[in-house]
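Have a look below at one chain only, the form predicted alone, in C-alpha cells format.
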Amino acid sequence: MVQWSESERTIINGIFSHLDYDDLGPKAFSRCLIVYPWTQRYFSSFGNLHNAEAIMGNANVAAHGIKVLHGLDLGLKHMDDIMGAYAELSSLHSEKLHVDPDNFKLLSDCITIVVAAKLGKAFTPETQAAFHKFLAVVVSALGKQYH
C-alpha cells in the first residue's frame, strides 16, 4: 500500500479540481499517439491517424482522451487502494485488449506535460513530485495483471 502525506493528497486533489478534462484529455492522448506512433496500433478503429493534424482533429481520439483522464478519477477516489480500484481495468487491458503495459507510462508522461503546461508556474517541483507519484501508482496498478 502506498502512503500519502496530507500535503500530497492536497496537491493531487488540487490539480484535479482545476483540470479541464475536455481540453487536457484530448491534448494528452493526441500527444501520446503523435510522439509514440507505435501506440496507434491499438486504435485502428479510430479512423485517420496518419499525421499530427489528423490525430489532433480526430473526434475518437478526443473522446478517448477525455475517458482516460476521467479514468484517473478512480484513483483519486480510492487513493488508499489504487491497486484494487484498477484491478478490473488492468485485466481488461492485459487479457482482452493486449495493451503493452509500457504504454501506460508513456501516456502518463504526456499527461504530466499537458498538466504542467496548463498549470505553468503553479507546477512546482513539489507539485510535480506528488503528481508523478500518483500517476506512477496508477500505472503500476494498470500493469499489475501483467506480472
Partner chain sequence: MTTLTAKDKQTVKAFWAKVSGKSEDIGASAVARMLVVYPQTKTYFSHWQDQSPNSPAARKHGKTVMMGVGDAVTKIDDLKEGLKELSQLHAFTLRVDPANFKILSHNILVVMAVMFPTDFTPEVHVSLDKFLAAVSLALAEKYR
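Everything numeric in this text was worked out from a predicted model, so none of it was measured. Residue numbers count along the first chain shown, from 1.
Although not depicted, the form predicted in complex with the partner chain is the subject of the following passage.
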Next on the checklist: Please identify, from 107-115, 40-48, 62-70, 80-88, the stretch that has a heavy atom within 4.5 Å of the partner chain in the model of the complex.
Outcome noted: 107-115
Next on the checklist: Please tell me whether any heavy atom belonging to residue 9 falls inside 4.5 Å of a heavy atom of the partner chain, as the geometry stands in the model of the complex.
Outcome noted: no
Checklist entry - Wondering, does residue 17 line up within 4.5 Å of the partner chain in the model of the complex on heavy atoms? => result no
Next on the checklist: Even though the partner isn't displayed, in the model of the complex is residue 128 close enough to the partner chain, meaning a heavy atom within 4.5 Å?
Outcome noted: yes
Checklist entry - Going by a heavy atom distance of 4.5 Å, is residue 21 a contact of the partner chain in the model of the complex? => result no
Item to check | the partner chain in the model of the complex - contacting residues of 42-80, heavy atom within 4.5 Å | outcome: 52, 56
